[in-house]
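Coming up is one lone chain in structure tokens, specifically the form predicted alone.
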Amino acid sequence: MNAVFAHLRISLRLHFRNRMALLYGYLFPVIFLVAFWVLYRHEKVPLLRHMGELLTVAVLGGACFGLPTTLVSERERGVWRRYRLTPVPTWVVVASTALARLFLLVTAGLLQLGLALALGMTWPAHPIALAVAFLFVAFAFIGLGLVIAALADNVPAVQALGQCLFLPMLIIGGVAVPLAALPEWAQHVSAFFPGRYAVEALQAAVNGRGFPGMRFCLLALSLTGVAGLVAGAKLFRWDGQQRFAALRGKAWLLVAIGAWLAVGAVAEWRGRVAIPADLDPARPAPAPVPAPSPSAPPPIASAPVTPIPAPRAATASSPAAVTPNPAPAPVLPVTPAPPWMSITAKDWDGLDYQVPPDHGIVTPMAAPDEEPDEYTKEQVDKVRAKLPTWSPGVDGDDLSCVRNLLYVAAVPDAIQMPVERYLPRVVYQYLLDSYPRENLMKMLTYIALHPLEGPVRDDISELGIEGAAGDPMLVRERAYLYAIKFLARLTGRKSE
């Protein structure tokens, strides 16, 4: 054990002298965190929904770039060949190197978490589960880093191999782009990338169900890490003069590849790729039927109806019956006024109109004279033509229709589609044409004051806009912001 700690101390000292290692290990994750904060700074709890992605990026940078870069550069300088001459077993050197990398990943993760808390993020819901998930993620990607180090003959090859894995995980592996925003084929492909399970496990600990929501992910990461460690150990090279092409036993690489394929196949078999409709977080649960209160009066039993005899005809001998009693008029039920009717100018004057600018990334809104490109214009025209017959926007009470129309602007903005800048203008004009101005102001104010009411509509594919944000709270937030923006125009705070 003394040899392990001695080499661990040397590895850490060399790491903090390497500027490139510090760049990948610390600066690179911080840049991602700042970028995510700039993009999503208008969310109610900054960065809370993205900590799984940010922590995964931190581990990816340190394990899949920093670790193999260190191993290959030391191998090229002959450091590992000198290690081989020492009376220390091979596993001791490799284990201490992996422990040093684990320490660096933990410090990078703590740096990410500390910065996120300083920017306003709340404390994770399951701290212990987060620590466990982070260790599993680090274990899986350290194994992957050992495989990259075994494949690469020099440091530039490490960069190339790392990018070949890093970029697909960011784009279609669920690391940087939400899975719900990806097309169906990409969701199936993402099941074969460990980055997806890293994000899901970490996010389940930050604001999800904790351990019950990460069991399969932890198993997938364990299998990936074990396969990577086995393949990396069997393909390990001491001498920089050895080339991978001339190395024997290259079939061990199939162990690592086979683990990825096995995890993806099991995910497909267990139906973990696409979100089932009954488990879709954007679909509201049916309202429970309230149980009768013990203090409530018992229901009145319906009595048998006795037919009322017809009045007798009036005769001269019965003056009291000259004019029969008229039948009682039917009592019509009184329909209560909708809640938004009680909204007054004092309510919309008291709203906070400090919302993101129209030219920003969050809730953008094109100017009246701004023209989209040809493809985007086709989408806009299609939505404009279908809105008058879109069932969620025309069927039901006025308040629900207005809220659903706000989602037409909110969903593309949450997904960050190119059409997001132009649909709000279409929705705003349609609302002006469909409702009296004062009623529209009252309904938008009511929605802004009660943003959590009503079901979330995250699917507007009937209008020709494919995709879903997958996060009902995000869609609600964007609908709230657009309600404020429309109100600012209706009240004269901003030009229409």
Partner chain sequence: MSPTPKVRVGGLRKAYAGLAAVSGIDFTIAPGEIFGLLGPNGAGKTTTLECLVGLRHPDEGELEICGVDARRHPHEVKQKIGVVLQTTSLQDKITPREALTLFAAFYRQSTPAADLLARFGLVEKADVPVERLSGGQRQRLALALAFVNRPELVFLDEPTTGLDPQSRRELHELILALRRDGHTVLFTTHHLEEAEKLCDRVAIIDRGRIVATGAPRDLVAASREEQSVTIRTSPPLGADVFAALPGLTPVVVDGDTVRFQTKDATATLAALTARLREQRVEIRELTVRKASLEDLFLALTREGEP
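Positions refer to the first chain, counted from 1. These figures come from a predicted structure and were not determined experimentally.
Beyond the structure shown, there is the form predicted in complex with its partner chain, which is absent from this document and is the topic of what follows.
Quiz item: Exactly one of A251, C164, A337, L85 has a non-hydrogen atom within 4.5 Å of its partner chain in the predicted bound form; which residue is it?
Solution: If I apply the 4.5 Å criterion carefully, the residue I get is L85.
Quiz prompt | Which of 237-245, 118-126, 420-428, 352-360 lines the interface with its partner chain in the predicted bound form (heavy atom within 4.5 Å) | solution = Residues of 237-245 come within 4.5 Å of the partner.
Self-check item: Interface membership of L14, its partner chain in the predicted bound form, 4.5 Å heavy atom rule
Solution: The answer is yes: L14 has a heavy atom within 4.5 Å of its partner chain.
Quiz item: How about N2: is it within 4.5 Å of its partner chain in the predicted bound form, going by heavy atoms?
Solution: Although its partner chain is absent here, N2 would touch it in the predicted bound form, with heavy atoms inside 4.5 Å.
Self-check item: 4.5 Å heavy atom contact, R77 to its partner chain in the predicted bound form
Solution: It does: once its partner chain is placed as it appears in the predicted bound form, R77 has a heavy atom within 4.5 Å of it.
Practice problem: Consider R215 of the chain shown here, and say whether it contacts its partner chain in the predicted bound form, taking contact as heavy atoms within 4.5 Å. | Solution: Looking in the predicted bound form, residue contacts with its partner chain do not include R215, since no heavy atom lies within 4.5 Å.
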